[in-house]
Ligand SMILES: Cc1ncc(COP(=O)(O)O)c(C=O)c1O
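Below, in structure tokens: the form predicted on its own, a single chain.
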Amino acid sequence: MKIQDLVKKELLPIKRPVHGGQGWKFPGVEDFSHNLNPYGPPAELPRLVTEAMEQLVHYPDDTAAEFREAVAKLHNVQAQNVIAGAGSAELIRLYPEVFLSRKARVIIPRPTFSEYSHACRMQGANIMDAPLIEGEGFRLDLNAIREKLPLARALYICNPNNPTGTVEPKRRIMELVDECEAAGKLVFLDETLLDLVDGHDSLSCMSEVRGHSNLFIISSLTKSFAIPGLRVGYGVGSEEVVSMMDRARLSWNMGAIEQYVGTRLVSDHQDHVRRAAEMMSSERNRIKKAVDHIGLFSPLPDQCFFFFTRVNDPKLTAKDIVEHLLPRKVLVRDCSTFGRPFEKFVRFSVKTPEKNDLLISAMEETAREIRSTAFGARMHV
């Protein structure tokens, strides 16, 4: 018997997505490849986890009511507009399970977070690429999206976009949401990284779900509170969208510890996130100035708390840069996994001033080493 003959055929050509945050493989290396709050979790986290442990003898609340109420209050919506998830990753998988049938078409910009297309392909959906416009800082190509929209069931948007760090203004996104609603199309919006962008309140579309039946937005506590080991995420959408997703949601998908800790963090510790966003906004400018002066990469964008940039040397790839930086105790993200032409792009995040000094120093040393090697090669020609 061949197991492959019994597997749903949509699964066979699919490979698992590749992500950053691989620093655990390299002891003693500072991991700039992930996008977590550089302050780490709030100091109160161990106490909150300990307090929650007494609840482990009971099944968790299947509705995650207290957590959903806290999220609703934060975003000025109703609890009926909120669904809890084991991280935003669960909701990325759940959404196409509910709304996409085999051969349905979805529009997904490229490059963007690979979990979207992976989850859609699991349901047999077809992906329509909408390449971002590099010359405009990897912004959404509205004309390309509008051209494909009549054939699509849903449009996916990530803001700020991962990996490019592009931040789209709320006005531009809601313009697309309105057009999609008029055409009977769904919009899946990922704001998982938005909390760490300074001034995110004016950029978020969360409160707009009350007036847009086609809009569903995900977020999580992973990045903003630096707790990837606790799977706490949520989605905010119209009551109709959330109700349909709740029908298919895995029972007890959020554990007792996650519910308790998530509720307390959302309700009481938003200042921790805001302080990090303000610090990273200032540090972003300092890193851009220093790294642009080094000349290792094309000029860094200045929109977000992480950078997506092209390697300048035509003979070097992103993998080469990673290998140069690792001996200097710095890890950046090789973006070749996003496909061509991104084998020459790297992504790295802003951290605390002291750690950013390490990043800048490592890049300066790498640039000198590359120039020295190139000079030596020319001398031997």
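All residue numbers refer to positions in the sequence shown, first residue = 1. Source: prediction; values computed, not measured.
The discussion below concerns the form predicted together with this ligand, not included here.
The closest heavy atom approach of K223 to this ligand in the model of the complex falls within 4.5 Å. Although the partner is absent here, F138 lies well away from this ligand in the model of the complex, with no heavy atom inside 4.5 Å. Although the partner is absent here, R231 lies within 4.5 Å of this ligand in the model of the complex, judged by heavy atoms. Within 4.5 Å of some heavy atom of this ligand in the model of the complex lies at least one heavy atom of I92. In plain terms, the part of the chain that comes close to this ligand in the model of the complex, with a heavy atom within 4.5 Å, is 108 to 116 out of 282 to 290, 253 to 261, 108 to 116, 126 to 134.
Contact with this ligand in the model of the complex, defined as a heavy atom within 4.5 Å, holds for exactly one of V77, L193, V266, C304, namely L193. For the options N214, T309, N81, N162, the residue carrying a heavy atom within 4.5 angstroms of this ligand in the model of the complex is N162.
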